[in-house]
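Just the one chain here, laid out as structure tokens, in the form predicted on its own.
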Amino acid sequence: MQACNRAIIARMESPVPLIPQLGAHLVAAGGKRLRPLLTLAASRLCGYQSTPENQRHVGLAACVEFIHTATLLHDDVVDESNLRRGLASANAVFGNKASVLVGDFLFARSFQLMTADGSLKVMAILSDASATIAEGEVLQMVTQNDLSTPVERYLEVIHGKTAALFAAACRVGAVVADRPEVEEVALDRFGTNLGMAFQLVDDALDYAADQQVLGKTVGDDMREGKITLPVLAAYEAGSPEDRAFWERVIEKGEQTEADLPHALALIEKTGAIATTIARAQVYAAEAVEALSIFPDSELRRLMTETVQYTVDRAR
């Protein structure tokens, strides 16, 4: 991971000063680096033997992080977010134009890393994931403010915007290790289900977490009219009066300062967080089961613990 972090910093260098400045801001904000960690872990789980001259997994882990960071930069502009990982977001510090353009730069860097790797299969996996992420974000925009959105459509959104990159990050680990397709598929399934669980918990935390723990403003999803499972569950289980409240704040976007505390109370009253976490646990169990084709090892146990950590964040 230290080698991956060095690669990330090196690839953020540019003769255009604003790019490394904004890059330094992103690096200082930290983050779990979960997606590149998954690439490194998956490649080692598959027996990839790295040498000082052969560090494909490191380059691809950095590539995965650049794809993720580029989408975050664009998302914060679209969502008009002022916080990211507990600090001022890049768009709040540098402005929307800089964030969009540096996001484009990071996408370009990710494709440079893919081509440097030289595998058409790796490029197909990561470029397909990049397209799916964009589709997921557009689908989220289309469903915004629409409480008639079916749960299945919401799950389609989070698969696109989150789970697809988790899946790709894991799958390329098997590819660099030159493992059979059954292991590729298993890691793809592991990443997909982990990503689904991760996003479900994130959506629950937006209505249940302390702002310092969450790293962004609590209630952002409500202010933006985002359709997430906690809202859909609370709306479904609510009284006519409760439903009228959700229709006003989500569909019409008419919100006052008193609305967030009331929304949190309705979420708690209807058990919407428990409903969301229960579904996350189903995906988490699927992720753990997907690893069962690999021999028991410390690394497999650590990957299993990562799944549990993802769900336990909401407790």
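Quick caveat, the model's predicted, so the values are computed rather than measured. From 1 onward, residues are counted along the sequence shown.
This next part talks about the form predicted together with a further copy of the same chain, which is not shown.
a further copy of the same chain is not shown here, but in the predicted complex it comes within 4.5 Å of a heavy atom of S130. In the predicted complex, at least one heavy atom of G118 sits within 4.5 Å of a heavy atom of a further copy of the same chain. A residue is said to contact a partner when one of its heavy atoms sits within 4.5 Å of a partner heavy atom; E135 meets this definition for a further copy of the same chain in the predicted complex.
Contact annotation for Y154: none of its heavy atoms lies within 4.5 Å of a further copy of the same chain in the predicted complex. Within 4.5 Å of a further copy of the same chain in the predicted complex, a heavy atom is found for all three of I19, A98 and M141. Across the options 186-194, 70-78, 164-172, 227-235, residues that bring heavy atoms within 4.5 Å of a further copy of the same chain in the predicted complex belong to 70-78. Put simply, of A92, A244, A124, L147 only one has a heavy atom within 4.5 Å of a further copy of the same chain in the predicted complex, and it is A124. This chain is displayed alone, yet in the predicted complex one of S292, T304, S14, S297 has a heavy atom within 4.5 Å of a further copy of the same chain; that residue is S14.
With contact defined as any non-hydrogen atom lying within 4.5 angstroms of a further copy of the same chain in the predicted complex, the stretch 164-191 contains no contacting residue.
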